[in-house]
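To begin, one chain is listed below as C-alpha cells, in the form predicted alone.
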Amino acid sequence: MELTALDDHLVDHDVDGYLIDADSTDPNQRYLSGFDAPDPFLTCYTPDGLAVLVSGLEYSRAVTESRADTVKRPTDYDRRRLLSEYGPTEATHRINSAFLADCGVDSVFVPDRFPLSTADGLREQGHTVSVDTDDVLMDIRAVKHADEIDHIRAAQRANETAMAAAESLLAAASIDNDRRLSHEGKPLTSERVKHEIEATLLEDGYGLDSTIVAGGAQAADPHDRGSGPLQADEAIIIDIFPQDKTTGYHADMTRTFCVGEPSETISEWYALTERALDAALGAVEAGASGADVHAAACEVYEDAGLPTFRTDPSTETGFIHTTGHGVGLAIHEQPRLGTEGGELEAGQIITVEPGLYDPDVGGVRIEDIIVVTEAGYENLTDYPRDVVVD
C-alpha cells in the first residue's frame, strides 16, 4: 500500500494525522486499517505509523489481522475509572483523546462523513479536527496495486459464473400463449433469476446486497432492481455487482438478454450500444480523461439522433447516465466517466457501461470492467455480448 500522497497531504496542510471512525463497510476504513470488523473503531494514520483502537472483543484479531503497527483497546486507558467518573459519553471522548496522544497527534484530518459526536468530543479535549475536503484517501484508493487487481479479477470470474447461471435459466424457459416466460411450470420472475444469481455467488464465497434483473418498461430505469414475471421478446437487463466476502473487493458487469424475438428498436439499440461501448473502450488510456471516454460513447448515440445527458440534461429517454465509474472496495468510487471526469491513471479499475432507455421500448445496457493501462486497457471481462438467448 503506497501512502506517500497521504503523507504529503498531511505535511502540506500541517496536520498531524488522518483519523477514521467507522466499521469495515466503510471503504476508507477497510483500505487503511486492513481490518474487517462489524462495529466502528478508530484508525489513526501518521507518517510514523498506523494505530487502531478497537473493542476488547476485536483486540486479538486486530493484532493478527490488521495492518496496524499499534493496537489499543479502551481498557488500556483505564476505561472503568473513566466510566465511573464521567459516564459513557465523556469517557469515550477521553479515551479517544488519550489514543491520539499516544499517536503523537494534536490535529487530524477526517473524512466528510465522520461522526459528529466523535469530532465534537475530540475538540472538547483540545484536538483540532478538520474535514479533508480533498478526500485524498479516495484518490489513493482509485489506483490499484497488483493484489487488488487480482482480487477484482477473481470477483469478475465469479460474476461471470453467476451471469451464466442466469442466462441458462432464461435459455431453459418456455414461452406461453401470452408470451410470458415460465420455468418448470411456474412463471419465471425477476426474483427467481436473482435467487439463481445469489445462490451461485454464495457457493463461490461472494455476496451482494441486491442485483438488477429488470425486463420491459422496468429496464428503462437504470436502477430499477426489477420484479415480477418476465416476458418474451423484451429486453431483460441483468446487472451483477458482487463483493468478495473475504477481501471486500467488488466486480461489476451488465448484459442485456432477450428470450424470443427482440423488436426492431431493441435490436437497433443493442447494435448502437455495442458500438458505443467499443468507442468508449477505444478512448481509454492513461492520460485520457473520463470526459473523453464519456464523449466517445455519447457521440455514437448523438450521431444516431438519440438524446444524451450531454446534449440535453433534462432528457428522460436515451443515454441518461454517465459512461462508468471506478470499482474497488466500493462498487462506485473514483474515477468517474462523465462530463466532469478527470484524468485517468494506469492501475485504475473502471466500468464502461453505455445504455439506452425509454419506458415505451425498455432498456439496453452493456457493461465491461477494465484496468486502465499506459497504452490503453486490459479488459477483465470475458463474457459474450449476445442479446438473443438460445
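Just so you know, these numbers come straight off a predicted model, no measurement behind them. Each residue number is its position in the shown sequence, starting from 1.
Just so you know, the form predicted in complex with a further copy of the same chain exists too; it's not on screen, but the next bit is about it.
**Student:** Has each of 117, 131 and 202 got a heavy atom lying within 4.5 angstroms of a further copy of the same chain in the predicted complex?
**Tutor:** Yes.
**Student:** I need the one stretch from 229-237, 105-113, 268-276, 152-160 whose residues put non-hydrogen atoms within 4.5 angstroms of a further copy of the same chain in the predicted complex.
**Tutor:** Stretch 105-113 is the one.
**Student:** Can you work out whether residue 63 and a further copy of the same chain are in contact in the predicted complex, taking contact to mean some heavy atom pair no more than 4.5 Å apart?
**Tutor:** No, residue 63 stays farther than 4.5 Å from a further copy of the same chain in the predicted complex.
**Student:** Given that the partner is absent here, does residue 346 sit within 4.5 Å of a further copy of the same chain in the predicted complex, heavy atoms only?
**Tutor:** No, residue 346 sits far enough from a further copy of the same chain in the predicted complex that none of its heavy atoms falls within 4.5 Å.
**Student:** At the 4.5 Å heavy atom threshold, is residue 198 in contact with a further copy of the same chain in the predicted complex?
**Tutor:** The answer is yes: residue 198 has a heavy atom within 4.5 Å of a further copy of the same chain.
**Student:** Does residue 21 reach a further copy of the same chain in the predicted complex, with heavy atoms at most 4.5 Å apart?
**Tutor:** Although a further copy of the same chain is absent here, residue 21 would touch it in the predicted complex, with heavy atoms inside 4.5 Å.
**Student:** Just to confirm, with a 4.5 Å cut-off on non-hydrogen atoms, which of 40, 27, 338, 34 contacts a further copy of the same chain in the predicted complex?
**Tutor:** Residue within 4.5 Å of the partner: 40.
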